[in-house]
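Take a look at this one chain, the form predicted alone, written out in structure tokens.
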Amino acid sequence: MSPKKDLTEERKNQILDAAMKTFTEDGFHKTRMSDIAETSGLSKGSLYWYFDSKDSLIIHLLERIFEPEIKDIQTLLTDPRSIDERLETYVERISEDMVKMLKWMPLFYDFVALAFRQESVKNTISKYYQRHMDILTSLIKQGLDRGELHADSELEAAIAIGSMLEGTVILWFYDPDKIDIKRHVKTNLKLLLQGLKTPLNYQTLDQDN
């Protein structure tokens, strides 16, 4: 890597760190590009050289948050362990990342709210959501193919696990004293796996209906 490229990445990270700090302290809507420039210690002209808008900063912040996480959990697809163990590792890693991000969670939900109005932000969040779901769905499909899990649809099972993860964070937001994210997602996954490991009895389901 050339010294020039090193400096470019250093400057970008310097600006992204400043943006994260300023957005968190002052709120996304109140923060101006000049505020970020001041926090970063760079001139406003230097800031605009690397990022032309707050939307551009948000997209790069989201990429910086999610890209390492995606690369980490992607390794689970070729992990030789059982599906139970790999799914447990999946939720463990995701919950650890969530706990690290708790102080920035209000900011992240600001970004989610912005996604309803800004297509570029929505597309970035949707892209990483889809990559997460693709990995989770592939893991569950491996379990179905090997007879370790039982479900009508790997997608439905993946949505259940994804909803459990996202829902636990929201419950923590409502009652942080009662909700322990890492403990509760582990317990909830155990309950979900009990259901997924039980062979479907279609005769019983038909009788119930």
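If you superpose the two forms and keep the largest set of C-alpha atoms that fall within 1.5 Å, you have the rigid core. Model, not experiment: these values are computed from the prediction. Residue numbers run from 1 along the displayed sequence.
Below: the form predicted together with a further copy of the same chain, not depicted.
**Request:** Go through 145, 166, 52, 67 and name the one with a heavy atom inside 4.5 Å of a further copy of the same chain in the predicted bound form.
**Result:** Checking each option against a further copy of the same chain in the predicted bound form, the one that comes within 4.5 Å is 166.
**Message:** To test your reading of this chain, name the stretch in 173 to 181, 53 to 61, 137 to 145, 35 to 43 whose heavy atoms come within 4.5 Å of a further copy of the same chain in the predicted bound form.
**Reply:** After filtering at 4.5 Å, what remains is 173 to 181.
**Asked** If you check in the predicted bound form, is residue 72 within 4.5 Å of a further copy of the same chain, heavy atoms only?
**Response** Residue 72 lies outside the contact set for a further copy of the same chain.
**Prompt:** For residue 99, is any heavy atom within 4.5 Å of a further copy of the same chain in the predicted bound form, or not?
**Reply:** No, residue 99 is distant from the partner.
**Message:** Quick check on residue 122: any heavy atom within 4.5 Å of a further copy of the same chain in the predicted bound form?
**Reply:** Residue 122: yes, in contact with a further copy of the same chain in the predicted bound form.
**Asked** Are any of the heavy atoms in residue 16 no more than 4.5 Å from a heavy atom of a further copy of the same chain in the predicted bound form?
**Response** It does not: once a further copy of the same chain is placed as it appears in the predicted bound form, residue 16 has no heavy atom within 4.5 Å of it.
**Asked** Out of 97 to 130, which residues reach within 4.5 Å of a further copy of the same chain in the predicted bound form, heavy atoms considered?
**Response** Residues within 4.5 Å: 105, 106, 107, 108, 109, 110, 112, 113, 115, 116, 117, 122, 125, 126, 129, 130.
**Item:** Large Cα move at residue 163 between this form and the one not shown, threshold 2 Å, rigid core
**Value:** After core superposition, the displacement of the residue 163 C-alpha between this form and the one not shown stays below 2 Å, so no.
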